[in-house]
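Presented below, as structure tokens, is a lone chain in the form predicted on its own.
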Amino acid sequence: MLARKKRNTPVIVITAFLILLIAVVPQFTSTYTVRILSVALINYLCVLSVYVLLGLCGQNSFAQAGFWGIGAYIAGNILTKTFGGSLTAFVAAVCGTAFLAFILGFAFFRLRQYYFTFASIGLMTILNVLFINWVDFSGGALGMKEIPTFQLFGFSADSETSKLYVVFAVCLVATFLILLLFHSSLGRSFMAIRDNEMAADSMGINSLLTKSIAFAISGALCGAAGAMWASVSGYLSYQSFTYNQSTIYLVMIMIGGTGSPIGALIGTAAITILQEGFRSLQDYMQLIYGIGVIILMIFQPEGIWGGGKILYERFRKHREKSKVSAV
């Protein structure tokens, strides 16, 4: 029990800090900064989906931006073409994207190792082509316009600050559910497949079904991000949901660390700050990301969060040895 409390302490501290930050920042910053925070949190949901698939289950996918787009367009269609409200659009985006990911998982996970990764690249390409040409669903090259903002039980997220609070609430719930998943039997099945799929099969774990469930959970997170993006932006374009965006999500989780949802948060924050701080170098960002990832993988393959934990453990052991020597 004490060990579990120690493991959860960093999560509790970081959550409390983020709640304070989100509550205070809008009061002292511009509307633009608040908008950037909302976009960063939406990106965090997509990076969290990469954590579930790669960090927990050991499967690498480049289709996350495509699922993000599916969730966004499902929500956008419900909000603009039906009488369904924001809650209906959100639930439909999450469930619809999760269901599609689950079905595709049964086909794709028959492919082992890097063949699945190649298949996900093909899926991302197909989805992007659909977003460009399926006019009735996505609006085609012109996109989808005038999407209503989030409304629920009389509350309307009309300002950037209120939109930020809604997105942050969704992120908190998603993170809490993923932490529960980590400590569940299903989460342990994910990690068993990640560590040794053959051994997991020998223990009676249905690896095809389990990986498909991981893909579905990953898709659900992307669907939630898509629904939030539709409501926050009010406009959807196929140019947002590209292979390059999926690559950025992978870079974010690699920089932050694949061992914890905190790594997804750190990676998202790091790339967001880099993009905004060096906006004049946008044409060279892919080069900067590539060099940064190579350097990090050489010196800190566990990412910023994993590397920080290793350094802390070394410091703690050194301090304990010093105390013993002093005695």
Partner chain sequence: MFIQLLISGIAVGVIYGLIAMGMVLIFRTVGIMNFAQGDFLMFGGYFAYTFNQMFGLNIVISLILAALCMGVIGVIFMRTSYWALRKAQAKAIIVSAMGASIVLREGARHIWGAIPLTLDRVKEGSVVLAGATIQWQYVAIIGIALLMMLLVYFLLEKTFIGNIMQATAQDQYMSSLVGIPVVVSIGLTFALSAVITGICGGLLAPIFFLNNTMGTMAGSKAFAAIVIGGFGSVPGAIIGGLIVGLVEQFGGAYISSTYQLALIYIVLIVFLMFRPKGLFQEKIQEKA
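Worth saying up front: this structure is predicted, and the values here are computed from it rather than measured. Positions refer to the first chain, counted from 1.
This next part talks about the form predicted in complex with the partner chain, which is not shown.
- Contact here is defined as any heavy atom lying within 4.5 Å of the partner chain in the predicted bound form, and by that definition not a single one of I19, L172 and A270 is a contact residue.
- Note on the interface: of 226 to 234, 93 to 101, 172 to 180, 243 to 251, the segment with non-hydrogen atoms within 4.5 angstroms of the partner chain in the predicted bound form is 243 to 251.
- The partner chain in the predicted bound form comes within 4.5 Å of a heavy atom belonging to T258.
- Under a 4.5 angstroms non-hydrogen atom cutoff, the partner chain in the predicted bound form lacks T82 among its neighbouring residues.
- Although the partner is absent here, F278 lies well away from the partner chain in the predicted bound form, with no heavy atom inside 4.5 Å.
- The shortest heavy atom separation between S30 and the partner chain in the predicted bound form exceeds 4.5 Å.
- In the predicted bound form, the residues of 278 to 296 lying within 4.5 Å of the partner chain by at least one heavy atom are, in order, D283, Y284, Q286, L287, Y289, G290, I291, V293, I294.
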